[in-house]
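Presented below, as structure tokens, is a lone chain in the form predicted on its own.
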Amino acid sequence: MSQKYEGVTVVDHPLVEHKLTIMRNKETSTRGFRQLLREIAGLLTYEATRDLPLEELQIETPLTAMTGRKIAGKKLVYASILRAGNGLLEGMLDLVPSARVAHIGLYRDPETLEPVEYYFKAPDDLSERTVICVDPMLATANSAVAAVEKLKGRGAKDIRFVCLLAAPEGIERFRAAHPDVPVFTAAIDSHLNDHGYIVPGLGDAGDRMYGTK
């Protein structure tokens, strides 16, 4: 059982746990890893969007008129932390294809483990939209903290963070920096190793997704 943290939701649905176990296996192919990440992304999105506001809508079914409900307000924004975030992004767009997309280019300096920014592109009206920031791994949380700072700097107020795996160290760092941003993850693992990788984890998500080293 994962340790509980305020503001953190562990999506421990049986389908999520099943798919995650296959992804962790080092024998799983690049194709299989990519497909499973896409599938889990949709399941995580269900939880991250559970409290979206709804408004009533009058429609006609083939049989009669009725009052239905639809999501209120402007479309969602998915903010992908490049490059690995795009693996989650594809599955999330399957679920909400009309969502807007922001891209945040950050890489982790291998010596300092600090994030280095190289790209940022987002819709102008973030203050009026729910923004879901995505990255498969919340390890040191340095990149996640920097990404959310960029989004807040552009006016975003309603932000959620979705990841596949999180380390206790990353959760504590992220929640200290952004206590107003809830976290949704498939699992909280044991710890970080000396290289900033989550243990037991699944290796480098970007490398496993794209077949690179």
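Note that residue numbering begins at 1 and tracks the sequence as displayed. Since this is a predicted model, take the numbers as computed values, not measurements.
The following text describes the form predicted in complex with a small molecule, which does not appear among the structures shown.
Stretch-level contact analysis of 119-127, 135-143, 72-80, 91-99 against the small molecule in the predicted bound form, using heavy atoms and a 4.5 Å limit, identifies 135-143. Interface membership of R108, defined by any non-hydrogen atom within 4.5 Å of the small molecule in the predicted bound form, is confirmed. Shown alone here, M23 lies farther than 4.5 Å from the small molecule in the predicted bound form, counting heavy atoms only.
The small molecule is not drawn, but in the predicted bound form it has a heavy atom within 4.5 Å of A205.
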